[in-house]
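Okay, here we've got a single chain as structure tokens, the form predicted on its own, with questions on binding and movement later.
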Amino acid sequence: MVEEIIPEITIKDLGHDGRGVGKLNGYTVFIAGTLPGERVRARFTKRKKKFGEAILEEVLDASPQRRIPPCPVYPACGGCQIQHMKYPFQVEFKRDRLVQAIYRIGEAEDFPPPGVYAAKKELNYRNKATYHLQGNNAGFFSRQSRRIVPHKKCELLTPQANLIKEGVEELFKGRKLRDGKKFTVRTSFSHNQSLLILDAAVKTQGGWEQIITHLNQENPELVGIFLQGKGKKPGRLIWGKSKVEEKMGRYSFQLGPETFFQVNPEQREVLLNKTREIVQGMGLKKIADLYAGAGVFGINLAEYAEEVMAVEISREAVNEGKRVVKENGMDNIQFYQGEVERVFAKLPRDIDCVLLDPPREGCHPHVWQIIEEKNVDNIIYISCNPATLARDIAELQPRGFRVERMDLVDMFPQTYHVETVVLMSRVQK
């Protein structure tokens, strides 16, 4: 490893991941934990032909946007990247990152400025976290390695989740665990429930009775413990319930170990409201809700269309969506289980709006071809990655689409991740 000291360097900009960018005789250096305008002392950890990476040693001249991070293990822990920024500056950084991605990667020159919706809670907002077990500790990986950073509590999680994490650590006290084992805590904000999901590789001391008694006594909101399956082997419920109940909009969903759901319940409602604003008044007939998960958006938007067709690959999520639809007597929404690009191609041609909420890597390329073949006029794209959103916008512009509206909802305070909802409409056939 390179150990060369950089006595002084001025930070000129921020990279997409929140790291400061400086120049050393024309050579680009990325330094985490720094801010534009700061003079810092740093140490190289990596040098490549076109750029280098360094860690912060000392801030010589601090930015007015710098603050003392709320978490004592920041910046060693890799879970957060921008806690050293004051929160309003975090939001501004994300806005700039989004706009630059649309302009540079998306090659869009004419698009409206994004509406920006900061979080009311910048801490204790996450409803799900996966911990890695190493030695006697549970935690998240460091920035520099695959070793975990032990901590008392995570500032992004609820007190309940932190207590359950402590309880699991207590179970393995006195034992050294090999790497590769993990567990997940999923929490419902609306119903004050938590679910512990243990990795199949986790072996415990004593019987399950002892574990259940210990965790449940300390954490009365814990409603279930689920052991994940290994390979194709299905998981099994160890104790209690296999799901927690969470509300979105007017509907309640039961979330199992694998069901996808946005991690910030309060900002999720903001995102839903912005999506609802887009759909209201459009007079839509048929909406295709692709990468639908349990259909939380499609179900909540069904009142604004004659028909909603929700497509999702996860059978668990599809079954939950069907349950909600049946329970609420909805007759204008249908669920289809399978790969999005294959099922979408078989849906009717007279779809006037496609709602997209793909994973971080963005949409499958075949989706754009199908949209063109079906003459879809409107696309509502919910994205958690500005780079892949911009890439997909670049794919859609030559097909006659233009960005009509863009809203940034800060779903992930303290991290560089950005959630955006975009309306694109066809302006030429």
Ligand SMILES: C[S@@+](CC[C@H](N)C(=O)[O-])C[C@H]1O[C@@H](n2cnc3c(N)ncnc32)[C@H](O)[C@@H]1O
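All of these numbers come straight from a predicted model, not from anything done at the bench. Start at 1 and count along the sequence shown; that's the residue number.
Beyond the structure shown, there is the form predicted together with the named molecule, which is absent from this document and is the topic of what follows.
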| item | value |
| --- | --- |
| Touches the named molecule in the model of the complex: residue 320 (any heavy atom, 4.5 Å) | no |
| 4.5 Å heavy atom contact, residue 358 and the named molecule in the model of the complex | yes |
| 4.5 Å heavy atom contact, residue 340 to the named molecule in the model of the complex | yes |
| Interface membership of residue 296, the named molecule in the model of the complex, 4.5 Å heavy atom rule | yes |
| Residue among 251, 117, 183, 291 with a heavy atom within 4.5 Å of the named molecule in the model of the complex | 291 |
| Contact residue in the model of the complex, chosen from 201, 313, 345, 238 - any heavy atom within 4.5 Å of the named molecule | 313 |
| Stretch from 305 to 313, 275 to 283, 150 to 158, 126 to 134 whose residues place a heavy atom within 4.5 Å of the named molecule in the model of the complex | 305 to 313 |
| The named molecule in the model of the complex - contacting residues of 244 to 278, heavy atom within 4.5 Å | 260, 261, 262 |
